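Just the one chain here, laid out as structure tokens, in the form predicted on its own.
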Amino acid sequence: MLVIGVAGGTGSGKTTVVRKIAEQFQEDEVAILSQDSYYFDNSHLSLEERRKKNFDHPDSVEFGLMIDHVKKLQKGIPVNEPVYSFISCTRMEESRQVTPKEVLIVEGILCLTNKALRNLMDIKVFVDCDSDIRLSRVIRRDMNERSRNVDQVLDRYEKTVRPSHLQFIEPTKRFADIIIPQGGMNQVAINILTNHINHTLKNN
């Protein structure tokens, strides 16, 4: 199994990059684990307290479970990936089964911050994007998908998203084997990465 880590700031285009890579392969060749699924459950807190949590801090992610799931998939064992709701900021009761494939893509803003998780990756990718573009995407996403208004999004961006990006996410760029500027718009970089994956698979 080839394990690929894809990191980058909130709104950088990681999901688009992952989707475009996956589209180059058969459905039974690529499995995807999303770091967003592994945020700790906060159901013991009030909704107001949950929404104040810093989801851009490494401590918000249950990396132990995520690492365990990657190791099991590497051994050919299916796992049940949690399902997380960003509206209620809790884990849902249901889960999503992920079965082992030739390629496993591990995607998330903080997935290169954890050394033990990084060590399981064969290829590490950082999706780069200008901060103003990321902010505009975050505003649209949080309003459309997470029931937040503009003031709430901007307040969260100023208090947690931007400081955490500078402290935790941006520095992980140095761990990347490949940096993709302009996110999912950079088809050339995506093609190079896809060709490298194909080459690696054929030689294994």
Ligand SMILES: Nc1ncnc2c1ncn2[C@@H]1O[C@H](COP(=O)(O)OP(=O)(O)O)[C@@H](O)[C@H]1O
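On a predicted model such as this, the values are computed, not experimentally measured, just so you know. Numbering starts at 1 and runs along the sequence shown.
What comes next is about the form predicted together with this ligand, which is not displayed.
Colleague: If contact means any heavy atom within 4.5 Å, which of 171 to 179, 137 to 145, 23 to 31, 61 to 69 contacts this ligand in the predicted complex?
Modeller: One stretch meets the cut-off, namely 137 to 145.
Colleague: Find out whether any non-hydrogen atom of residue 194 is located within 4.5 angstroms of this ligand in the predicted complex, and reply yes or no.
Modeller: Judged by the heavy-atom cut-off of 4.5 Å, residue 194 is well away from this ligand in the predicted complex.
Colleague: Scan 12 to 31 and write down, in order along the chain, each residue with a heavy atom lying within 4.5 Å of this ligand in the predicted complex.
Modeller: Read in sequence order, the residues that approach this ligand (within 4.5 Å, in the predicted complex) are 12, 13, 14, 15, 16.
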